[in-house]
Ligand SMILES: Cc1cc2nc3c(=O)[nH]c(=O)nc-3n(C[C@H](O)[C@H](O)[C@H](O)COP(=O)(O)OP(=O)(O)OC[C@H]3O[C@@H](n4cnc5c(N)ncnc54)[C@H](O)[C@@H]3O)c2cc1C
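Just one chain follows, in the form predicted on its own, and it is written as structure tokens.
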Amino acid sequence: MKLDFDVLVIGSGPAGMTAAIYLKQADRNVAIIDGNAPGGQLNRINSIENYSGFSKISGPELAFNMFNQLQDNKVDYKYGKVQEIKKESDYFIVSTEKEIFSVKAVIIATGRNPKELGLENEKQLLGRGISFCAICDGSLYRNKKIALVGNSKETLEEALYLTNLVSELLIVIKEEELIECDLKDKIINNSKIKVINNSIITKLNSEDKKLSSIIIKNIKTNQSEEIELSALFEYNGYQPNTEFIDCLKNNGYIVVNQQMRTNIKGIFACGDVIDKEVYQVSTAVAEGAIAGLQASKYID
């Protein structure tokens, strides 16, 4: 069988680009494929202030720097959306809507997408008051009034984190009460937090191209209220991009070991697509490095 590459990296976020760079520097014939712009979720982050080496950098700028490094290392970059991966003998056949590749190993770094609320202006306000990451963007709203939407343990964890930064915090939930967990009492007893239950957000208002207020509707009374604030953090859940691969998963996230190996020999995964505790640029880069090195060892 004619091989196109030693390794094909699927996904061009921080994890995927890092894995490809490590493989190229190990003198492997590697290509990276993605149907979107390089950088993944970095392109949705207005400002990053917790990535080592940069006091402050925008997500798109960091993505551009990583992509330039990819090009400096002469990594082949392919555009396309992977539809299927099949194993044939000791090789893998990776199919997109236009091309088919045969490779020795595969690294999946397709990340995950936040589930949006589906409101008008939502996409335009990303990075301008709308955020999906408290750790990434919380410091931008010091001493401001903000809101969170969602009712999960992750939402409550982020709420408690944000209370160290903001002056006032609203949690908007469509349920009658907050989710039962060990953080519930801490939320209820925190003087900075107000829970607005039985409610949904129906509209986002902007001023100078930035979020200025939200319209909240009580689903029991049908009454609406406008609330002025500086930011809305959405925790409507995430959807990992794993529909094209049949491997061991947990809630859609790929399960890997410490070497970033999946349960399919020769397939590795890294970044936000895997089942883990912390979803940050720094962890994605670290996992990409491990996946690249382990894939290189696998080929040996």
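Note that the coordinates shown come from a computational prediction; the quantities given were computed from them, not determined experimentally. Numbers for residues come from their place in the sequence shown, where the first is 1.
Form predicted together with the named molecule: not shown, discussed below.
For the residues 35, 266, 252, 60, the 4.5 Å heavy atom test against the named molecule in the predicted bound form is passed only by 35. At the 4.5 Å threshold, heavy atoms of residue 110 reach the named molecule in the predicted bound form.
For the chain shown alone, residue 25 is not a contact residue for the named molecule in the predicted bound form, no non-hydrogen atom being within 4.5 angstroms. In the predicted bound form, the named molecule lies farther than 4.5 Å from every heavy atom of residue 262.
With a 4.5 Å cutoff on heavy atoms, residue 157 counts as touching the named molecule in the predicted bound form. Stretch-level contact check against the named molecule in the predicted bound form with heavy atoms at 4.5 Å: of 144-152, 115-123, 73-81, 205-213, the positive one is 73-81. For the partner-free chain shown, 270, 271, 272, 279, 280, 281, 282, 284 of 252-288 come within 4.5 angstroms of the named molecule in the predicted bound form, judged by any non-hydrogen atom.
In the predicted bound form, the CA atoms of residue 152 and residue 250 move farther apart by at least 3 angstroms compared with the shown structure. Inter-residue distance, residue 61 to residue 154 (Cα): reduced by at least 3 Å in the predicted bound form versus the depicted form.
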